[in-house]
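The chain below stands alone and is given in structure tokens; this is the form predicted on its own.
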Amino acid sequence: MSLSEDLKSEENESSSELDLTSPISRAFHVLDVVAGFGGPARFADVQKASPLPKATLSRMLRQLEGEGMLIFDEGSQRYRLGLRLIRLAHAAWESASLVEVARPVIDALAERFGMTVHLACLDAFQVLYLDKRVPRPIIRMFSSPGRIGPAYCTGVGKAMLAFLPDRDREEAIARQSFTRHTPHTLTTPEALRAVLATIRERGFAFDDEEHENTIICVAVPILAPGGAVLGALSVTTTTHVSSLDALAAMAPVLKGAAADIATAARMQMLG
């Protein structure tokens, strides 16, 4: 089980001990329940996972939606985490240890290569972008700190999925949407498994225009000494500027940078 999963498990256990007569405790409980599904959830699903009475739960969901902490999709009749909550989460990540210790490393990578550098982690088996450095002129792309992206068709996502324990990796694959974003997107679990096996062998991943046309990258995982996946780093550009072969040549430097971040994160945790 990963560190993030341990923390979520502890949070779920402690939430059962909360006095749910407190409005703020009920609010956090409902947010925890919705977040625990790892994707949009129906009212009936939330109700099954919560001890709150139906009327109370319905009222809490409406209030959280009104505050921007949840979003209710009328078409699918499902709740998902709101943008306000994501902004707050990003603010928390800005001061988190991985972002803090990685900052000088990604600054140096951006200056060395003159390309976009991403720092990311997994959240519910999707990519959460933690930090980003952009060159001049700026290349417009999907990613931005605090934004959630797909794991199966991004370099950082695949780099992290490849190094998960077998059981977690299979669960992650099962949770991918496999939506086709470009002609290069992997659209089946079998195709993704084959690519992840290759990534484990060579130690780095590519995004070969799989999420956005013309956008390519090379990515490596950030691994704790025991092999747990802490996050991922990538160098990203466009097909107009570079090629996958050129990006592959950067992989050794990127691996060294990832090792430096993992070491710094461990020293901070111990210190």
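If you superpose the two forms and keep the largest set of C-alpha atoms that fall within 1.5 Å, you have the rigid core. Sequential numbering from 1, following the sequence displayed. Being a predicted model, the structure only gives us computed values, none of them experimental.
Another form exists, predicted in complex with the DNA; not displayed. Remarks below refer to it.
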**Q.** Partner-facing stretch of 42-50, 242-250, 210-218, 223-231, counted where any non-hydrogen atom is within 4.5 angstroms of the DNA in the predicted complex
**A.** 42-50
**Q.** P165, R169 and R200 all contacting the DNA in the predicted complex, non-hydrogen atom within 4.5 Å
**A.** no
Q: With heavy atoms only and a cut-off of 4.5 Å, decide whether T238 touches the DNA in the predicted complex.
A: no
Q.
Can you tell me whether R26 touches the DNA? I mean in the predicted complex, with a 4.5 angstroms heavy atom cut-off.
A. yes
Q | 4.5 Å heavy atom contact, M69 and the DNA in the predicted complex | A | no
**Q.** 4.5 Å heavy atom contact, M60 and the DNA in the predicted complex
**A.** yes
Q | Rigid-core frame, C-alpha of A27, shift of 2 angstroms or more between this form and the one not shown | A | yes
Q) Is it true that Q47 shifts between this form and the one not shown by 2 Å or more at the Cα, once the core is aligned? A) yes
Q. V30 to R167, Cα distance in the predicted complex relative to here: closer or farther, by 3 Å or more?
A. farther
